[in-house]
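First, one chain by itself: the form predicted on its own, in structure tokens.
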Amino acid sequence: MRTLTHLMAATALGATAALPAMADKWDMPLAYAASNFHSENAAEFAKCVTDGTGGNLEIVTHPSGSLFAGNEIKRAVQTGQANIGERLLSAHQNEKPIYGVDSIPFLVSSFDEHEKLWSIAEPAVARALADDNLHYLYSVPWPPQGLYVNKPVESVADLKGVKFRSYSTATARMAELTGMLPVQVEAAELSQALATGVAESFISSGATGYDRKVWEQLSHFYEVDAWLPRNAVFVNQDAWNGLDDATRTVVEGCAEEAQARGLQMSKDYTDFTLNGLKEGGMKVGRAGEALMKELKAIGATMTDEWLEKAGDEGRAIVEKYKSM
């Protein structure tokens, strides 16, 4: 009996050793609708990782804030409630000024300018995320930001008292300096906020307006090209440390592809969504010279304020960009 027991134990141990490592599943919360290009790009990234690891690491995306609301995602990944997530980093500028480097008003107004700035700022942002127990993977810019309103606007004075959807300290400060009334609203709640009159205006790309069909409540989109904020994808540092080298290599390769693919998607989506806003009935066009002059003056004030908070690191980034 003793011999038979040892034989059975050895057989069981051998069978266990022959089994592949247990597959790991990571849930990936996303703040934006599944049809948004950021979410589509994240889904492609997830598939790339799942396929590339032979299913040993499966990533499942959860768009529209269905797993965690947008303002909860970063904290959820930091604390390990989710292993991976995507978040608009400038929404966390109140935590660290460097997170808002992509949203300094009118520092950059095009994709080419923005990519130059990001090539300088990316390492600093990655270090800041690492300090928050997050491993940075990739990021993708939104198209240039424009002003959505429910009436014609020729000057900043026309904006006074308008209820303005804010999603970051920068947008809240812009509301304050223009005389608008800031209201904190996450992307998934935007349609309801507009429909109920909680918000009457916001600054974002054509993509957000098109995805949310804002022509049902708003009438004008002014192209002001204020900035190009980025959505970043990051992993809980402990979860990252738990991956073997081969899996990390696959994830990093998929992340590199996602950053390049997402940039092109953002460029392609810009004209498409602006045309979509027009087809929906909105008046779309460049802001007038007087309005732009006033907005840029406000932008200069906000830039000085950001530089003061960001200190030597932030100033070095901006100065290096301006010297390129």
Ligand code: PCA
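It should be emphasised that the depicted structure is a prediction, and the values quoted were computed from it without experimental measurement. The first residue of the shown sequence is 1; numbering continues from there.
Separately, the form predicted together with the named molecule exists; it is not shown, and the next lines address it.
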message: Can you tell me whether residue 45 touches the named molecule? I mean in the model of the complex, with a 4.5 angstroms heavy atom cut-off.
response: no
Discussion item. Considering non-hydrogen atoms and a 4.5 Å limit, does the named molecule approach residue 187 in the model of the complex?
Written reply: yes
Practice problem: Mark residue 167 yes when one of its heavy atoms lies within 4.5 Å of a heavy atom of the named molecule in the model of the complex, and no otherwise. | Solution: yes
Taking the named molecule as it sits in the model of the complex, is residue 234 in contact with it (heavy atom to heavy atom, 4.5 Å or less)? no
Assert contact residue (the named molecule, in the model of the complex, non-hydrogen atom within 4.5 Å, options 194, 88, 84, 129) equals 88
Contact with the named molecule in the model of the complex, heavy atom within 4.5 Å, among 138, 142, 99, 221 goes to 142
In contact with the named molecule in the model of the complex (heavy atoms, 4.5 Å), from 117-125, 202-210, 250-258, 174-182, is stretch 202-210
Taking the named molecule in the model of the complex and a 4.5 Å non-hydrogen atom cutoff, the residues of 226-261 making contact are 229
